[in-house]
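Read the single chain below, which is given as C-alpha cells and is the form predicted alone.
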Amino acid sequence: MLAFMGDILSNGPLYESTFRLAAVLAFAAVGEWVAERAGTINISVEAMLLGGHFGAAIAYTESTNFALAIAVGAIVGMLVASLQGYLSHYLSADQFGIGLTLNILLLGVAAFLQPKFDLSTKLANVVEIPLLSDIPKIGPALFAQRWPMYLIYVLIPVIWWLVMRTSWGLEIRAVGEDPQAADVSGINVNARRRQAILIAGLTSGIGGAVYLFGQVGRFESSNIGGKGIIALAAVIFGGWTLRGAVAGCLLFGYVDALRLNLPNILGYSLNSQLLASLPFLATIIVMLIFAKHTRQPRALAQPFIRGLK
C-alpha cells in the first residue's frame, strides 16, 4: 500500500493532468460562484461550457486564430447566459427548469450543427515559464502548459476583486442575501442577477474554449460531459467562497486525473466503467457531506418579486 501511494504521489503526469482538468472546472466554477452569490443556481453552466467549446471550434476553423476563437467562445457562453438570465430573472421562469432545458438544447444544437462544419482545430503551443517550470513535480504541471491554460491565473484574481472589492460586487452579494432590502436601497435586483449570470457565461465560455485548445484539441459534443455539474458541486464544496471553489476544482480534477492515469501508474488495466464513474461518485459524496454543512446565500434559488417576502 505504501509503495502504491508512493507511486501516485511521485507521478509527474498525474499532477499535470490534475491542473489541466481542474483549470477547466475552475473557469466554470468562478463564474458559477458569482451567479450563486447573487442568488441564482445556474444549472445551465454545462450549456455555457459546451457553447464556448463549440463556438471556439467554429471560429478557429474559419480563422485559425486562437485568441479570436477564445473570444468567440466567451461570446457564445454569454449568449447562453443571456437566455438563462432573461427567462429566469425577467420572465420569472423556474431557474432549474430553464437550466436543464438549456443543457439539453445545446447538446442537440451542437449535434445537429457539427456535421455542417468541417471542423479543424488543434492544441495551442506549450509555453514554459523560466525557473518556475523547473520546480520538481509541480513545476511542469503549473508552469509548462499550453498557453490558454494560463488565463485562469488572471481570471481568478480579477473575479475576486470584482465581487469583493467593488460597489457592483457589494450589490451582487446584497441581492443574494436579502433582495428585498437591496431593492429598498435602490438596487435593481433582477438586473444584478442577470449581470452575474452573464459573468458566469463569460467565464464558462472561455473555459469551454480553453478545454478545446489546452487539452483535447478537437471538438466532440460529448467532451464536456458533466463538467458543468461538477463545477457547480465545487462551489458548494467550497462553501460559496472563491478559494473553496478553486480547492473543490483541484479535488475533482485530481480524482478525474486518477481515472486517466491510474492504469498507467499501477501497470495493469482496471474496470473502465468504474474509472469513468469516479469523478461523478466524488461529486455525489461531496454533495452529501458538504451541502448541509455550509452556509449558502440566504436568497439562493429564490425568485425576486418586489414587495414579496
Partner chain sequence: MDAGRIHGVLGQNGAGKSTLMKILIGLVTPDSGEIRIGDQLVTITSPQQAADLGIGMVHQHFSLVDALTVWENVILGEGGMRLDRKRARQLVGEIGDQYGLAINPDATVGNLSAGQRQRIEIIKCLRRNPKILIFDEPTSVLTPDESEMLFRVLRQVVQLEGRTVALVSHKLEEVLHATDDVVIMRDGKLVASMQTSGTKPEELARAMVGREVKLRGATPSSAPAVSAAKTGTPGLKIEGLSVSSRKEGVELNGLSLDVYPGEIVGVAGVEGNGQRVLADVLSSLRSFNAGTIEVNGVPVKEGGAGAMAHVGIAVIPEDRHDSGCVLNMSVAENLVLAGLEKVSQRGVVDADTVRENAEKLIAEFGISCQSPDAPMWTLSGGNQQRVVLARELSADPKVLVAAQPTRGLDVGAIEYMGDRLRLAADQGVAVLLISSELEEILHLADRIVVMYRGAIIGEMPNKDVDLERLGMLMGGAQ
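Positions refer to the first chain, counted from 1. Keep in mind that what you see is a predicted model, and the values were worked out from it rather than measured.
Another form exists, predicted together with its partner chain; not displayed. Remarks below refer to it.
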property: Contact residue in the predicted complex, from T166, N125, S222, S120 (heavy atom within 4.5 Å of its partner chain); result: T166
property: Residue (of L83, I75, L151, I187) lying close to its partner chain in the predicted complex, criterion heavy atoms within 4.5 Å; result: I187
property: Proximity to its partner chain in the predicted complex (heavy atom, within 4.5 Å), stretch among 136-144, 167-175, 196-204, 151-159; result: 167-175
property: Exercise: A181 in contact with its partner chain in the predicted complex, heavy atom 4.5 Å; result: yes
property: Partner contacts in the predicted complex for 232-259 (non-hydrogen atom within 4.5 angstroms of its partner chain); result: none
